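In structure tokens, one chain follows: the form predicted alone.
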């Protein structure tokens, strides 16, 4: 139920980690879903570039544009004014140089009224994160499996299976914390490695497919609700099967119209 709680600041999530409070988070894209999530006490909402697959029917996140995330971020903000809303900066909106990242992040903050942005990458993105934070932009970092690099990576798989990958992940995590990120998403990181990272950082880790030792968890709302029956990620737990419910409703509606 909505208890009219105050919108958290970026610093609040580190305080939750310090007192051992787990952080539930969702990636979602529209006003009604955001309103429901916030009413359930989920106050960290990410407008992920995963909207490319879940909403727009694209094969991956690469074609997603700033305008796509901007439109959906505005919708989420309208639905959940009391939540901390983070916009996922899409492919090539921040990788070119820190100046481009700052310019595009400003659009999300000013035009879509977001509370922060998310960017993928660890050590390589530390300077960009630092510049953004110094300019007043809260940054959610993202390491491990990086969907925006899927075309040059090794596909969708667990990261951290060997010592070299483990060292790289730990270096990435330390780098984004030092740069000023307020939290870091660990996507498809080996559970034991994710636990090591979580224990080594002051900022919270938000896991997706990275075990239960993380300080919080994030899932895509469509996966949680069972809206995409043709594909469910291995790490996603389905809490409902709305696709079947919607199909029954639409079938009944069509039948009623046909019958007059």
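Note that the structure is a prediction, hence the values are computed from the model and not measured. Positions refer to the first chain, counted from 1.
In what follows, reference is made to the form predicted together with 3-methyl-2-oxobutanoic acid (KIV), a form of this protein that is not presented.
- None of the heavy atoms of residue 72 is located within 4.5 Å of 3-methyl-2-oxobutanoic acid (KIV) in the predicted bound form.
- Using a 4.5 angstroms threshold between heavy atoms, residue 224 stays clear of 3-methyl-2-oxobutanoic acid (KIV) in the predicted bound form.
- Within 4.5 Å of any heavy atom of 3-methyl-2-oxobutanoic acid (KIV) in the predicted bound form lies no heavy atom of residue 33.
- In the predicted bound form, no heavy atom of residue 173 sits within 4.5 Å of 3-methyl-2-oxobutanoic acid (KIV).
- Partner contact region in the predicted bound form: 48-56, out of 225-233, 189-197, 33-41, 48-56, criterion any non-hydrogen atom within 4.5 Å of 3-methyl-2-oxobutanoic acid (KIV).
- For the options 185, 159, 80, 114, the residue carrying a heavy atom within 4.5 angstroms of 3-methyl-2-oxobutanoic acid (KIV) in the predicted bound form is 185.
- The partner is not shown here, but in the predicted bound form the stretch 95-126 reaches within 4.5 angstroms of 3-methyl-2-oxobutanoic acid (KIV) through a heavy atom at 118 alone.
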